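Let's start with one chain on its own, the form predicted alone, as structure tokens.
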């Protein structure tokens, strides 16, 4: 197991380097440092001297990958890629183009993202699995039929509909919660109630239908027929056997998503005005702030790889037959 984890960590370094390199190339393929300078200076006809000064102050005046004017190893190290990207492997993200420290912004903004994502994750897991178990328990009945119809209908509706519809109905017509905004501390609860509700409703269709498929697949296995032949009640079969043996495919999706809770929701945070990492990423993309974009992509990659590793480890806890040599 230890050797397996070490190998996966070594693979992760190579994956992060590849993701870092591709992100860097794609960003500067679309946006040149001159474009970034014009965006920040706020004038498309800004003088060339001002553009060069802006690039020099922020280190964007160097070649991307190869510095032909340098000698020896400096031709590869004295470049924009090495100066801007490799430092992230020490989790040193530097400053954004507006001068704010990126690491400080990340540590500050991840708490509103967690305050939104954790309730959606925990409550959603309970609601989705319970609803899927209900449909699987009453399979081939009207409850199962109309449950599947509801799931398919909810899957067919865009998530923006739930956001805008929730803001209009719950916040504007009923005036139960604010339409958007955020407040620190316990006051954040009244701002988060509607986004959490929207997140639960928006994910019900796809998640419940996926869990239902997993449960129905387990129901058709031989050990379930054996349990029924022994006289076990149907509820006992479902909760003691089916649910337990369905944990591996469930863990595949659940454990991977845990690290990504820190990243926030891009659309939800933007629409509800929550100052989390999701809205921070959207703002950076709109401002063409490469420092923030590369930091968020790098952190997302690290968290996703960590989630995959946690998934593999959790398999051994749920199913003793799973071993990694």
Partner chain sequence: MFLPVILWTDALVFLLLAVVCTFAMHARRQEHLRASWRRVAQSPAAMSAAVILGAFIIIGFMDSIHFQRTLEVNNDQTSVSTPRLAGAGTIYAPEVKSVLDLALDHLASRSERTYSAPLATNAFSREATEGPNGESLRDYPRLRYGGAHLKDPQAQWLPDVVLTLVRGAALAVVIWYVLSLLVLIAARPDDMPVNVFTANVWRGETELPWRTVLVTLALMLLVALPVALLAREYHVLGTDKVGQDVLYLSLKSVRTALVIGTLTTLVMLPFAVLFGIMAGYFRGWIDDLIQYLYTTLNSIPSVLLIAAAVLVLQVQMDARPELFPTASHRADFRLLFLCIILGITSWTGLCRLLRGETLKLRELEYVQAAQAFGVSDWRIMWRHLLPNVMHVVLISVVMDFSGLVLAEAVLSYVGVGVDPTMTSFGTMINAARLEMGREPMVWWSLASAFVFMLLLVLAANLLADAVRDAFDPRVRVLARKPAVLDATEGAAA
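Numbering follows the first chain given and starts at 1. Rigid core: the largest C-alpha set superposing within 1.5 Å between the two forms. No experiment lies behind these values; they were computed from the predicted model shown.
There is another form of this protein, the form predicted together with the partner chain, and it is not shown here; the text below is about that form.
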Using a 4.5 Å heavy atom cut-off, state whether residue 64 contacts the partner chain in the predicted complex.
-> no
Indicate whether the partner chain has at least one heavy atom within 4.5 Å of a heavy atom of residue 207 in the predicted complex.
-> yes
The partner chain contact in the predicted complex: residue 275, any heavy atom under 4.5 Å = no
Taking heavy atoms only, is residue 271 within 4.5 angstroms of the partner chain in the predicted complex?
-> yes
One residue of 181, 83, 249, 184 in contact with the partner chain, assessed in the predicted complex (non-hydrogen atom, 4.5 angstroms) = 249
Since exactly one of 233, 153, 134, 176 fits, which has a heavy atom within 4.5 Å of the partner chain in the predicted complex?
-> 153
Location of the partner chain contact in the predicted complex, chosen stretch of 162-170, 236-244, 107-115, 91-99 [non-hydrogen atom, 4.5 Å] = 162-170
At 4.5 angstroms, heavy atoms only, are 143, 147 and 227 all close to the partner chain in the predicted complex?
-> no
Residues of stretch 93-109 in contact with the partner chain in the predicted complex (4.5 Å, non-hydrogen atom) | none
Does residue 35 show a Cα shift reaching 2 Å between the shown form and the other one after rigid-core superposition?
-> yes
